[in-house]
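A lone chain, given as structure tokens: the form predicted on its own.
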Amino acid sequence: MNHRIIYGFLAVSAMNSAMAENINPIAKGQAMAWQCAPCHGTNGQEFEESMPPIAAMPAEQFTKAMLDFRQGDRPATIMDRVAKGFTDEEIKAMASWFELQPKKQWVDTSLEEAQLSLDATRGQK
């Protein structure tokens, strides 16, 4: 088992508990989404056979998948345990974040595109 994933998950979960509740849901989703990167790639933009990309996934689809994992209604190797670490609000925030990410491999994403994506989530132009 990849210990980086587990340690990263625990660290981010602890950080999430300490975060203020009035944070923009997209920004909150972005902060939580970093723990998905070890498996799903930066911004969810990994396109390998073993891990599906989650960038540009419709928010409704992401939310349903996470809730199904959490409830044990969808088969999983690790996602069932990962999903249990999130509240409904946190799942919705991540869903909103991933839906905004371009559907392409991260290695083909320029630094300018990455910054534009970050600025958009912060409400900047």
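Predicted, not measured: the structure shown is a model, and the values here were computed from it. All residue numbers are counted from 1 along the displayed sequence.
Unshown form predicted in complex with heme C (HEC); subsequent notes refer to it.
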| property | result |
| --- | --- |
| 4.5 Å heavy atom contact, K28 and heme C (HEC) in the predicted complex | no |
| 4.5 angstroms heavy atom contact with heme C (HEC) in the predicted complex for G72 | no |
| Partner contact for V82 in the predicted complex: heme C (HEC), 4.5 angstroms, heavy atom | yes |
| Proximity of M57 to heme C (HEC) in the predicted complex, heavy atoms at 4.5 Å | yes |
| Sequence-ordered residues of 60-92 touching heme C (HEC) in the predicted complex, heavy atom within 4.5 Å | F62, A65, M66, F69, R74, A76, T77, I78, M79, V82, F86 |
